[in-house]
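For reference, the chain that follows is the form predicted alone, supplied as structure tokens.
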């Protein structure tokens, strides 16, 4: 999966490669076609559940797609912050610390 592509671009590319129409995929997700279209254009965020279902429908690696989903979720939260990159590095260290201490208990 290309890390620089948006999740919407990844989804659209793979849907089109499989020859699936928006209406078929949206029906499998039980959402309106317009919503899926907006997700593919990055105008709307998919839910984690929708991402997992889309991975199944489009035969994509679930873990890879979830990483893309989570990275965008973080990115859009801090992208306009002047200290966003520094905060991200601190958050990564905190996550390592928490996970290390969690596994030690």
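These figures come from a predicted structure and were not determined experimentally. Numbering follows the first chain given and starts at 1.
One more form of this protein should be noted, the form predicted together with another copy of the chain, which is absent from this view; the next part is about it.
Asker: Considering non-hydrogen atoms and a 4.5 Å limit, which listed residue (63, 32, 43, 56) is close to another copy of the chain in the predicted bound form?
Answerer: Looking at 63, 32, 43, 56 one by one, just 63 meets the 4.5 Å heavy-atom criterion.
Asker: So in the predicted bound form, does residue 92 come within 4.5 Å of another copy of the chain, heavy atom to heavy atom?
Answerer: Residue-level check for residue 92: yes, a contact with another copy of the chain.
Asker: Considering only heavy atoms, tell me if residue 87 and another copy of the chain come within 4.5 Å of each other in the predicted bound form.
Answerer: Yes.
Asker: Could you tell me if residue 21 has a non-hydrogen atom within 4.5 Å of another copy of the chain in the predicted bound form?
Answerer: Judged by the heavy-atom cut-off of 4.5 Å, residue 21 is well away from another copy of the chain in the predicted bound form.
Asker: Would you please decide whether residue 51 lies within 4.5 angstroms of another copy of the chain in the predicted bound form, comparing each non-hydrogen atom pair?
Answerer: Contact with another copy of the chain, no.
Asker: Determine the residues of 66-80 with a heavy atom within 4.5 Å of another copy of the chain in the predicted bound form and present them in sequence order; the list may be empty.
Answerer: Contacts from 66-80: 66, 67, 68, 70, 71, 72, 73, 74, 75, 77, 78.
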